[in-house]
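As C-alpha cells, one chain now follows by itself in the form predicted alone.
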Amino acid sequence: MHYLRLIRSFIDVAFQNALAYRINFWVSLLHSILDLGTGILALMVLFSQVEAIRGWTLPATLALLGTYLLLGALRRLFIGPSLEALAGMDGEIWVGTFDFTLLRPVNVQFLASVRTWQPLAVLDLLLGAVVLLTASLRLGRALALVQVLYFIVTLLAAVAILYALLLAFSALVFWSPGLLFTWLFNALFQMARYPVGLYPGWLRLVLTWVVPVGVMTTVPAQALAGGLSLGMLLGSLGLAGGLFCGASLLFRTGLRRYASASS
C-alpha cells in the first residue's frame, strides 16, 4: 500500500504540472493523431495491393498496430520519462543528483522507474484501444474467451519485456553516464509496428532474441487473431520473466559502480 500511495502522489504531481501548460494537450493530441494516421495509412496502402502478407491480414496487422500504440503510450506515460532522466549530459548520474534518489527510504529501482509521469500519454492509450477494438470487429467473428485471455496475458508479458529492456539500456549509464543508450532502443522499437515475420532472417533474429521488440507486438496480435499456440504463450512469459530478472540484476550491478557526487 505504501508503494501504491507513492505512485498516486507521483501521478497527482504530474497532473498538476500538465494543467499548468494546457496548450501541451492540443500539441500532444495532434502528435498522437498524426502518428496514428501515418501508421494506418501505411497499412492501407500496403494491403490495397494484397490480401495477406506471410499470413498477416489487415485486421491482424491492425491488432499489432494497436498493441504497438498501447506499449508506446505506456512507455511515454511513466517508464520512459522516469528511466531516461538518469542518462545524458544533464542526467542524474552525470550531475550527481541521483544521490537524492538513493537517500529515499524506498527501493531504488522502484523509485527510478515510476517517479516521473506524462499524463498526456493517456491520449495514445485511448487511440491504441480504439485501434484494437476496430481490429477485433474486422476479424469477422466473435472472439473466443481463450483468445481474449491469451491476449491479456501476452500484453502483460509485453509490458514486462518493454520495462526490462528500457531498464537494461538505462542501467548502462552507470558505465558511461554521458550517453543516452535508450536512443538505440528508440530506433529498434519503431520496427515493432510491423510483424516480425516480415523482416529478413538476420533482422528477425535480432528483433526476436537480441532486442526482442518484435515479440512485444507480434505475439499479442497473434493471440487476438487466434493464431497463438500454448507453447508460444509460455515462451513469451518465460522471456518476460528472464529479461526482468536479468535487467534488475544489471541495474543493481550498475548501482554498485555509482560514485556519489559528495564522494
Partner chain sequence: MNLRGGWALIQRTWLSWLQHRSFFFLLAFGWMVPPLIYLFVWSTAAGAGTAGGLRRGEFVAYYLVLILVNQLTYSQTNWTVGDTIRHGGMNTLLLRPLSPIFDALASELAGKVVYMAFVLPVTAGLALILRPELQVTLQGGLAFVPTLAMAWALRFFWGYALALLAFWATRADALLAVQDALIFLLAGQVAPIRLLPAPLHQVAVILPFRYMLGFPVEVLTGQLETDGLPTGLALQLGWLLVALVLFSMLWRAGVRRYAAVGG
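Positions refer to the first chain, counted from 1. Since the structure is predicted, the reported quantities are computational estimates derived from the model, not experimental observations.
What comes next is about the form predicted in complex with the partner chain, which does not appear here.
Based on heavy atom distances of at most 4.5 Å to the partner chain in the model of the complex, which listed stretch, 182-190, 150-158, 72-80, 124-132, is the contact stretch?
In short, 182-190.
The partner chain in the model of the complex reached by all of 23, 45 and 203, non-hydrogen atom within 4.5 Å:
Judged in the model of the complex, 23, 45 and 203 all sit within 4.5 Å of the partner chain.
According to a 4.5 angstroms non-hydrogen atom cut-off, is residue 89 in contact with the partner chain in the model of the complex?
Yes, residue 89 is a contact residue.
Answer yes if any heavy atom of residue 41 is within 4.5 Å of a heavy atom of the partner chain in the model of the complex; otherwise answer no.
The answer is yes: residue 41 has a heavy atom within 4.5 Å of the partner chain.
Heavy atom of residue 234 within 4.5 Å of the partner chain in the model of the complex
Close contact is absent here: in the model of the complex, residue 234 is far from the partner chain, nothing within 4.5 Å, heavy atoms only.
Heavy atom of residue 27 within 4.5 Å of the partner chain in the model of the complex
Heavy-atom contact with the partner chain at 4.5 Å: present for residue 27.
Which residues, if any, of 51-75 lie within 4.5 Å of the partner chain in the model of the complex when only heavy atoms count?
Residues within 4.5 Å: 53, 54.
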